[in-house]
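We begin with a single chain expressed as C-alpha cells, specifically the form predicted alone.
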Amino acid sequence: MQLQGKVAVVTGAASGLGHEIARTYLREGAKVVIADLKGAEEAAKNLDLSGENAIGVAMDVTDERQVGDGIDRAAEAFGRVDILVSNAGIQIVAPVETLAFDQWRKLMAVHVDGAFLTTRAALRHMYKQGTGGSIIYMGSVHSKEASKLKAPYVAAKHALEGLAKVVAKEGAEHNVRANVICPGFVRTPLVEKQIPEQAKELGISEADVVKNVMLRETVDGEFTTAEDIADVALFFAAFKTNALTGQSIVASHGWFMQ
C-alpha cells in the first residue's frame, strides 16, 4: 500500500493508460479522482463500487474553469491533492505541409495547455497543504525522438519535459516533485486509431505500420503495456524526496535508450 492516505487526480482516466494508472493507485491505497471529457463517473464506479475511494469528474483540460472546478472538487471530496497525473491526450496524423493550423492548435491545447492548467490548479492545493506532492506528465518516446506525420504531437511531448523541469525547480521548496513518463507504443485506443491512419498516409499495410514503423526500433518487437506504464507512474508517485525530480523515464522496449 505505497500510496496509503494519498489523493490522486488522473486526467484522461476513463480509458487507456490513465485508467490503468487509476486502477494501480487504488490498489496501492490512494483515493483517486478520474477526470475525463466523458465516462469519468462510470469509470470510477467500475473501479470502486463502494464510491468511497474513487470519484469521476467531467473535465475538459483545455477549459480553465472546468480544470479549476475539477481540482477543487477533488480536494473537497477527499480533503487534499497529493498527486496529479497529466495524462489526457489526443493524436493527429498528417504531414506538416497539409496539417491544418486549427488541428495543430487543438492538439497543443490538450497536451500543453491542459498540462499547464491542471498543474497550476494542483500546485495551488499542494503548496497550501504544505505536505509536498508529485506531478507526473505523460510524455512519450516522442519527447526524445521524432516520427513522420506527428509534428504537433512531437512538439507537445517535448514541451512537457521543459514544463516538468520548471515545475521541479519551483516546487522543490514545497517538496513537490515533477517528472515525465515516456512510453513507447502502447496498444491503447489512441494507438489503434493511428494504425490505419498511418497505413493510408504512408501507403503501406497496417501490419507493416506495426512491424516496420511502430515497433521497428524496439529490441524485441513488442508493445509496451499499460501495466508497465502504471508501474512507472506508481514509482514516481511513491518516491519520497526531491532526489528524483525533473527527470524522465523511458519505457519503450529499448526504442529509445538514454
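The model shown is predicted, which means the values in this text are computed figures rather than measured ones. The numbering used is simple: start at 1 and walk along the sequence shown.
The form predicted in complex with a small molecule is left out here; the points below concern that form.
(request) Considering only heavy atoms, tell me if Pro189 and the small molecule come within 4.5 Å of each other in the predicted complex. (result) So Pro189 counts as contacting the small molecule.
(request) Mark Met59 yes when one of its heavy atoms lies within 4.5 Å of a heavy atom of the small molecule in the predicted complex, and no otherwise. (result) Looking in the predicted complex, residue contacts with the small molecule include Met59, since a heavy atom lies within 4.5 Å.
(request) Could you confirm whether Tyr153 comes within 4.5 Å of the small molecule in the predicted complex, counting heavy atoms only? (result) Close contact exists here: in the predicted complex, Tyr153 approaches the small molecule to within 4.5 Å, heavy atoms only.
(message) Can you tell me if His111 lies within 4.5 angstroms of the small molecule in the predicted complex, counting non-hydrogen atoms only?
(response) It does: once the small molecule is placed as it appears in the predicted complex, His111 has a heavy atom within 4.5 Å of it.
(message) Quick check for you: of 120-128, 75-83, 133-141, 164-172, which stretch puts a non-hydrogen atom within 4.5 Å of the small molecule in the predicted complex?
(response) Result of the contact check: 133-141.
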